[in-house]
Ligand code: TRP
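As structure tokens, one chain now follows by itself in the form predicted on its own.
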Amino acid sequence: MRILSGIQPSGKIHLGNYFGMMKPALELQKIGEAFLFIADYHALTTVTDPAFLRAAIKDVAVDYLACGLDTEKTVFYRQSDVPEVQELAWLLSNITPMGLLERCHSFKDKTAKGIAANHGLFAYPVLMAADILIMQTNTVPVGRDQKQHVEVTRDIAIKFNNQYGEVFTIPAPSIRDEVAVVPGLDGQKMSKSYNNTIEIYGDPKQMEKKIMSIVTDSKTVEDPKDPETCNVFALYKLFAGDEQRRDMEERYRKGGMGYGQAKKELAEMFDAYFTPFRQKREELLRHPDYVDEVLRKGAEKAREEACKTMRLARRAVGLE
């Protein structure tokens, strides 16, 4: 089974990235052939500062490795180091119906939030399809909010195969419902675009301050509370074991515990969980040549697979 995931270098890695995509992908690498890429082409839809982008690409590479990426089991590469992806995106663009892209939620959501509408943002699902299909991917770990993009990829692949013959593997999404959407500080989906994130490698004191600012309702300490509608509890259960989760649920429903106490316990669990990762990250920052070499080797392997697919695709459409 071949597994593929990607993440944009458009800011610091946050809890939504980690629990929604990174952790599931790292777990799946134990049972399949994993391809993980830094989606720097995708980042250009929102990042316009070249210096920021260069730094963010390096940060993401170090972040992945610090989180436990096994480079013996995983092909780790930069999207822009595999130019065949862009070539395939053009081939796919010529069989992708406009209506399919117009129905995509991501474009509507981002423009509604004030992000400028451009062709890159609109055609984002086609480039994502190229990322997935060029590696002949079987499984794509995504949050539920990204499931539609995998469905679009499936539609595009099926249309291409029907028109030109069997070229692409039809991928399937892999979704973990309990962490499909991680809430941000304001209760919306945690996203750099919404400026509501908790960065996993951020300064511990600043991250604690962010956690203490999570939006809650106006219930008093004495009031019983519903854990199922609480942003703090939604984040707490990502870290907690079954016994800890049940204990917190009971204290919520019983009353007598304020949101401030729940936030404090969440902050403690957050710090304990990510401290080893932060230490590993500091070590990697002292060896930048190692990180560069990992990406170089990953790009070689990724291009080898991409070229195999492109030979099939070019021949299928008549370019060879």
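One-based numbering along the sequence shown. Since we're looking at a predicted model, the values are computed, not measured.
FYI, the form predicted in complex with the named molecule isn't displayed, but the following is about it.
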- Even though the named molecule is not shown here, does Q146 get within 4.5 Å of it in the model of the complex, heavy atoms only? yes
- Give a yes or no for H42: in the model of the complex, does one of its heavy atoms lie within 4.5 Å of a heavy atom belonging to the named molecule? yes
- Task: Determine whether any heavy atom of Y124 comes within 4.5 Å of a heavy atom of the named molecule in the model of the complex, and answer yes or no.
- Result: yes
- Closest heavy atom of V140 to the named molecule in the model of the complex, within 4.5 Å or not? yes
- Message: Looking at V82, I132, I200, L88 here, can you tell me which has any non-hydrogen atom within 4.5 angstroms of the named molecule in the model of the complex?
- Response: I132
- Query: in the model of the complex, which of 250-258, 33-41, 263-271, 276-284 comes within 4.5 Å of the named molecule (heavy atoms)?
  - Reply: 33-41
